[in-house]
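Only one chain comes next, encoded as structure tokens, the form predicted on its own.
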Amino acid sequence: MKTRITELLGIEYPVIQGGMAWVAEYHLAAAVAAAGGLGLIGAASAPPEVVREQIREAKKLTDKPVGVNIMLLNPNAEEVARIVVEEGVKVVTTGAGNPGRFMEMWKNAGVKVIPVVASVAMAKMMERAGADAVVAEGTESGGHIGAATTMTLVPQVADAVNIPVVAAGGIADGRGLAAALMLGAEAVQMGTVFLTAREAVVHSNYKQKVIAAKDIDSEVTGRSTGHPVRCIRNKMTREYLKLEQEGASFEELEHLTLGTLRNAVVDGDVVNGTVMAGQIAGLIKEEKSCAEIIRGITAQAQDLLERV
């Protein structure tokens, strides 16, 4: 499946793995890359030297493209941005901010820059800043979310910019990929389906929580603070929503969730931890390898598109 994204990134399939905090480490990124997609290492709030080591370890496992996702509001963002160049990473996705201050450095080093956007206005801004593509991420996705749905956001962004668009949010099979291509996207980014991959170094409790999820198990916390997060309903989300309804302060709510994503991903606490996952979790029924996920999704999409 050749698109402008596959040509831009040098990948076989138009599939990008999301840069999920605590989940997107080098084992997963390398496995996705080896299977023909773009694997991403999620820098999140990790110390810069840890990110450097992750990049080096991924390169030991595959010679295929592996990128880094950088959260720009992170205090370490500037140092991680330099490490990307020093380690020869060729693709960066960004979130939570404008990558403009790093663009010249990245461009001079031949780095492809793909910001994640949640609106047409942000997509246009990123194109003007020199982005090579954008990820239009709908509210169906797991973790921090915007307001627009993938179905409405992707075609509007595709109409508004000339650079390639990647669709994200609510995509976990070939039907989602085919739909995204029909909406004007040239690739998809998926997170939830990859956190259940066999190669993902994620506690089995977390994976099984996602696999067991039903369509109605998705919950959004933090709407009152302006920082909405989508995860799977559990004791923590119930406590959080109760405090929100009672008018708790942002600081009090943040304290409740401090360290809870790590607790879920690493320690397997899916009762009191934050189990970030998209609304599509109900579609995921079993663990598969990254190769099985990517090849199954692309084969199904090709079959559907040929029928159309």
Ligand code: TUI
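Residues carry their position along the shown sequence, with the first being 1. Nothing here was measured: the structure is a model prediction, and the numbers come from that model.
Only in words, not in the display: the form predicted in complex with the ligand, which the text now covers.
### Query
When the ligand is placed as it is in the predicted bound form, which of 212 to 220, 69 to 77, 102 to 110, 231 to 239 ends up with heavy atoms within 4.5 Å of it?
Every other range fails; the passing one is 69 to 77.
### Message
Just to be sure I understand the contacts: of Ala178, Val202, Ala118, Ala158, which is the one whose heavy atoms reach within 4.5 angstroms of the ligand in the predicted bound form?
### Response
Looking at Ala178, Val202, Ala118, Ala158 one by one, just Ala118 meets the 4.5 Å heavy-atom criterion.
### Query
Which of these residues, Ser224, Asn98, Gln208, Thr152, gets a heavy atom within 4.5 Å of the ligand in the predicted bound form?
Exactly one residue meets the criterion: Asn98.
### Query
Does at least one non-hydrogen atom of Met122 fall within 4.5 angstroms of the ligand in the predicted bound form?
Answer yes; at least one heavy atom of Met122 falls within 4.5 Å of the ligand in the predicted bound form.
### Contact flag, Met276 vs the ligand in the predicted bound form, heavy atom cut 4.5 Å
Met276: contacts the ligand in the predicted bound form.
### Query
Looking at the partner-bound form in the predicted bound form, is Gly146 within 4.5 Å of the ligand by any heavy atom?
Output for Gly146 is yes: heavy atoms within 4.5 Å of the ligand.
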